[in-house]
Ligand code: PLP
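To begin, one chain is listed below as structure tokens, in the form predicted on its own.
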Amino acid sequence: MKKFDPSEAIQDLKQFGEYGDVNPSITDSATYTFLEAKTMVDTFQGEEEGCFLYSRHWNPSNKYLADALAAMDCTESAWVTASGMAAITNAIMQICSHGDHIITSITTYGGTFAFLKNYLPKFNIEVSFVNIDDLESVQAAIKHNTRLIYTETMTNPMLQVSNIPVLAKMADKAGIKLMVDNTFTPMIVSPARLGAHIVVYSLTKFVNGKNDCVAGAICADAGFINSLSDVNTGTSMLLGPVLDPMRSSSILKNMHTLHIRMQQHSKNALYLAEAFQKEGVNVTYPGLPMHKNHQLMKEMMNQDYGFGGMIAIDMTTAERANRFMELMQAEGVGYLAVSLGYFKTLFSNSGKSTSSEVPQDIQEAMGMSEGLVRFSVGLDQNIEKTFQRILKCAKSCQN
């Protein structure tokens, strides 16, 4: 496959404001005027492209951001939403109807798990949860009414790596869609280039990088994105998860530094993972050769961006994990907080926080220790000093 650099794709975009602003202008308007009545009619009927009619449908600021995301992910088009969960749920509901079936990884973000497990049954949409690493079980789960395989490039919080090329071939053969959440690995992996039909993001995380807003995105072919905004049947048009244009503008600016940030997140995470390993700590990170998906990740990833900023270590018990995190916050390592992709290191005990929607027995079945601490490694300049602080805290918890 020809080398692809997502940062160059973003930099090559020619986006500027109508007055020559180097930053695209922010459109602070809910509705838009038409010079001819017929153009409005044609736009409502989907026969006129390039026109804006109402900001729940499209607005220029959101379109600028969507175009940048499509360029980054090498898709024809994109749609931005008011949250990552809005992106996930809108895309799924656009594909699936009453009586359909979905296959998904049992290891997935807690909010996604809750939507698939607890919410979709009210629409009589069946969901099969499988070990996404076991490709034979994925294949065996495909049924006549299956419409979708859903997974994460790097699963949350177990950091499994999905074999996107093989899953895409399975989906193509069955005539169904493969949807991939790429929140953990923007720029690092380009799922659409590996065969995924739809890529979703929580822009809240690495893409924005500032933890000052909540937003999401759906990247796909133009036909699917247009179907989302159809005035009669589009899930996004009808459910209305609109992203504020001010936020679109700020996220777009932050995308131009994403490549630098991902490189530093990855560099720091690899340092910590290797240092933990040398200390005999039970650490999970796809950048370590010992990780079972290390080679797969190397085969799928774009060059120069590393293996990502997420690591996990096992503190054995929730009590020890809590003490460890409290000490790290007191020592200035970072913050005891959910979310990820921030310039400061964030850490949480996944089983009691971002994966708390997953029942205890399922957590145990997927191999999630109650003492698992997930790190979103920050942009520290002196990561060696940070590690010494972490090590001090870890040793205090052993006493």
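Here the structure is a predicted model, which is why all the values come from computation and not from measurement. A residue's number is simply how far along the shown sequence it sits, counting from 1.
As for the form predicted in complex with the named molecule, it is not shown, yet the points below apply to it.
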{"query": "Close approach of residue 372 to the named molecule in the predicted bound form, 4.5 Å, heavy atom", "finding": "no"}
{"query": "Residue contact check: residue 84 to the named molecule in the predicted bound form, 4.5 Å heavy atom", "finding": "yes"}
{"query": "The named molecule contact in the predicted bound form: residue 206, any heavy atom under 4.5 Å", "finding": "no"}
{"query": "4.5 Å heavy atom contact, residue 109 and the named molecule in the predicted bound form", "finding": "yes"}
{"query": "Interface stretch in the predicted bound form with the named molecule - options 300-308, 264-272, 130-138, 178-186, non-hydrogen atom within 4.5 Å", "finding": "178-186"}
{"query": "Selected contact from 251, 78, 149, 88, since only one has a non-hydrogen atom within 4.5 angstroms of the named molecule in the predicted bound form", "finding": "88"}
{"query": "Among the candidates 162, 190, 202, 104, the residue which, in the predicted bound form, approaches the named molecule to within 4.5 Å (heavy atoms)", "finding": "202"}
{"query": "Members of 312-346 lying within 4.5 angstroms of the named molecule, judged by heavy atom, in the predicted bound form", "finding": "340"}
